[in-house]
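In the form predicted on its own, a lone chain appears below as structure tokens.
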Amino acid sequence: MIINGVTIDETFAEAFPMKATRLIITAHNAKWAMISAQAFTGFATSVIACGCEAGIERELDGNETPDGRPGVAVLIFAMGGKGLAKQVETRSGQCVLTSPTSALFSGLDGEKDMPLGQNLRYFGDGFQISKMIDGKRYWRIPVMDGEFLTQEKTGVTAAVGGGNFLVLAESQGQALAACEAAIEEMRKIPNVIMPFPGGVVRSGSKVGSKYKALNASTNDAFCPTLKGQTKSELPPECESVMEIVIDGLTKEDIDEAMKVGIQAVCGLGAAQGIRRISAGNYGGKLGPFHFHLQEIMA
């Protein structure tokens, strides 16, 4: 398959099951809602070392939030419900409770519930109070700028992590420009995040390593400086590869995000140095969800 001079490899990306929730962070204005959301989603690029994967889904108007204030929807993913709950509690306490004028709400009705403000309320040292609204409990926790309002619980749902595609280009600048174009379009798709910095990862990994302590290492087949030292997947003209990783609430959400992202890359085409689109294929070892590039783009 060739689109605008760009070859779409006959391969698939592998992804794995995760657990996820959506949270809504609001504040006095959009600036402070975003500051809190950025703090909450920091150091959350990969479960390999961060314990979770998180990102900003979108900004919200006051008519979309529980308290009528500007807000930000964030998605957070982990390998299991217990790990997800721990990450949500820690990040909420350190990054939202601490952020001026913030409030925190559930943005998802899931298969199960887990604590959101249920344990954060103890910071109120006995001065916290609760109120039931439409069958849901909220906590008002006294803080120095007034009160921190938080919903007691949030929903947890099954999700998918690790959808991806690789952009193979003639130069580093061309690969980055293509990925930036892809991310701009992918961020319009609901229910997905691209958790790496700016949505792009340059240190794509493979499963396993020559070092026993590591379960992942550099994807040498796609490293341009190793063409003569390893079994390279790169043609001579490709000097840079970048990857976009996608987490989504469903497989279909990731399908759609990958489609619009690859379309954006191919829109630049061979004339802008884009040679191929490939994916992280590990022979089925990584996960049960397979995203076949040519099927997605058919």
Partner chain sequence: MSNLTFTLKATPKQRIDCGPLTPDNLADKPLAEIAAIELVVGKSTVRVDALFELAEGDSNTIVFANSDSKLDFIGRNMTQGNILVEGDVGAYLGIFMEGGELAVSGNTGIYTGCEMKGGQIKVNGNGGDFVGGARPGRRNGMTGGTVIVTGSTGARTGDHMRRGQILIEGNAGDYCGSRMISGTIAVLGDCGAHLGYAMKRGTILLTQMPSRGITANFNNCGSHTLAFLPLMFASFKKLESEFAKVETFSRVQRYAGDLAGIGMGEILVKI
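Positions refer to the first chain, counted from 1. What you are looking at is a predicted structure, and each value in this text was computed from that prediction instead of being measured.
Another form, the form predicted in complex with the partner chain, is not on view; read the next lines as being about it.
Among the residues D61, E237, E252, D67, the one placing a heavy atom within 4.5 Å of the partner chain in the predicted bound form is D67. A heavy atom within 4.5 Å of the partner chain in the predicted bound form is found for one listed residue only; from I129, L214, A158, V207, this is I129. For the marked spot (I133, R137 and R140), a heavy atom within 4.5 Å of the partner chain in the predicted bound form is present in each of the three residues. Heavy atoms within 4.5 Å of the partner chain in the predicted bound form belong, among the stretches 87-95, 193-201, 167-175, 143-151, to residues of 143-151. Taking the partner from the other structure, the partner chain in the predicted bound form has a heavy atom within 4.5 Å of a heavy atom of F105.
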